[in-house]
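What follows is a single chain, given as structure tokens, in the form predicted on its own.
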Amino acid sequence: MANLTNLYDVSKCTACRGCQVACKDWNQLPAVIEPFRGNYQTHEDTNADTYTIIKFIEHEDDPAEDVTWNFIKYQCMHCLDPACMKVCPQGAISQTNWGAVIKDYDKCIGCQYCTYACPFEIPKYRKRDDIVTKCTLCYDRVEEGLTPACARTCPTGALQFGDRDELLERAQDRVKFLRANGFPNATIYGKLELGGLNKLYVLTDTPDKFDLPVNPKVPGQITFWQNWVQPYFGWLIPLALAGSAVSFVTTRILAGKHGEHAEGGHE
């Protein structure tokens, strides 16, 4: 089955937060009230009860010019090669045949390995349930032939849902248009990053201007875990226990011999 994804065009977004509200509504998530921090962004970051946010990013490249506002929808990127899935020791994270990265909360033990593995710092720990949560790309809706709640509610067409290859073609056409109409740095984000993301962006400027990592990378220690620790985890524990047992016996024998020598020295 072809990959299905959301394409988000920042040039069409009005930051109405309709997608944010729709996500809360569909997933039945409680409100999270955060203190005012001096801008219009309602949440500093995604959290365990807020899977999607609209970021408000201010830029002042030239002090003589007005402040530039950039809006961006931020949520799980549903990587085509998800590091979070690879490090989960319980197999609680899986990938649908059309590309959504989802969690089985009955298997999740709240270890937060997925949080540390994510280059975008998306999965968040929910203490009251001892689990880690994130956007599911509304896989339950999609499996029933519906579009994700965020795309369904977008009033400006900034969000589109469909076949990834088709949306990439639309994104390329849109970038060409933007570059020819006042946005020379317009680009696509998610086409190649980390081998490809299943959330695509049309940006009017470089990724850093939208608080996105220019070259996202999986943390080095995660690669070590995947390649060296996890494959042998099953026998590392018994090996460690065996080593402890040998150490205990050896220590007792050496202690006994030391005692014998000490007694012989007093005769």
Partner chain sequence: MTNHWIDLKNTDCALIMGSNAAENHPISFKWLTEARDKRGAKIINVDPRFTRTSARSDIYAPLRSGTDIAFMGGMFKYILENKLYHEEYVKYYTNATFLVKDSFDFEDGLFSGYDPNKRSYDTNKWAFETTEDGQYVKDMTMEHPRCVLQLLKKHYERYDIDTVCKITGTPKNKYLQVIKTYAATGDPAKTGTILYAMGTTQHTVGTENVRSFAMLQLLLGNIGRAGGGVNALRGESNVQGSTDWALLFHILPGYLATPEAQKHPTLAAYNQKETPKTGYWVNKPKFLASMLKSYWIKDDPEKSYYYLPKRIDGKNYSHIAMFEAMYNKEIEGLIIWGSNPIVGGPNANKEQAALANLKWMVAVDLWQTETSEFWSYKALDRATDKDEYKIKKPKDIQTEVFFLPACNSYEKAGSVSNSGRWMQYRWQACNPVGESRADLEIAHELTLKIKELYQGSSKPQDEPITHLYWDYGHGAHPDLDKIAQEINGFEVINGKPGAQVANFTKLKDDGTTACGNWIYSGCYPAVTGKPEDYLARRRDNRDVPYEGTKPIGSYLNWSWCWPINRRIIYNRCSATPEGKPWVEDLASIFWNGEKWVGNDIPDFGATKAPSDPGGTDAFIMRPEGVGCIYSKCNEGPFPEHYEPWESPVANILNSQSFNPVVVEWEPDKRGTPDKYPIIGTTYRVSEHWQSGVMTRMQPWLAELMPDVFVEMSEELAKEKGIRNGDNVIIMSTRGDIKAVACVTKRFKPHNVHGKHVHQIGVLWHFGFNGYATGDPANRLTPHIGDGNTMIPEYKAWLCDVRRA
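Numbering follows the first chain given and starts at 1. Remember, predicted model here, so these are calculated numbers, not experimental data.
The form predicted together with its partner chain is left out here; the points below concern that form.
Among 172 to 180, 142 to 150, 96 to 104, 188 to 196, which stretch has residues whose heavy atoms lie within 4.5 Å of its partner chain in the predicted bound form? Checking each option against the 4.5 Å cut-off leaves 172 to 180.
Taking heavy atoms only, is Phe161 within 4.5 angstroms of its partner chain in the predicted bound form? Flag for Phe161 set to no.
Considering only heavy atoms, tell me if Tyr74 and its partner chain come within 4.5 Å of each other in the predicted bound form. No, no contact at 4.5 Å.
Would Thr50 show up as a contact with its partner chain in the predicted bound form if we use heavy atoms at 4.5 Å? The answer is yes: Thr50 has a heavy atom within 4.5 Å of its partner chain.
Check whether Asp208 has any heavy atom within 4.5 Å of a heavy atom of its partner chain in the predicted bound form, and answer yes or no. Asp208: no contact with its partner chain in the predicted bound form.
Considering only 7 to 29, what residues come within 4.5 Å of its partner chain in the predicted bound form, judged by heavy atoms? Heavy-atom contacts within 4.5 Å come from Val10, Ser11, Lys12, Cys13, Thr14, Ala15, Cys16, Arg17, Gln20, Val21, Lys24, Asp25, Gln28, Leu29.
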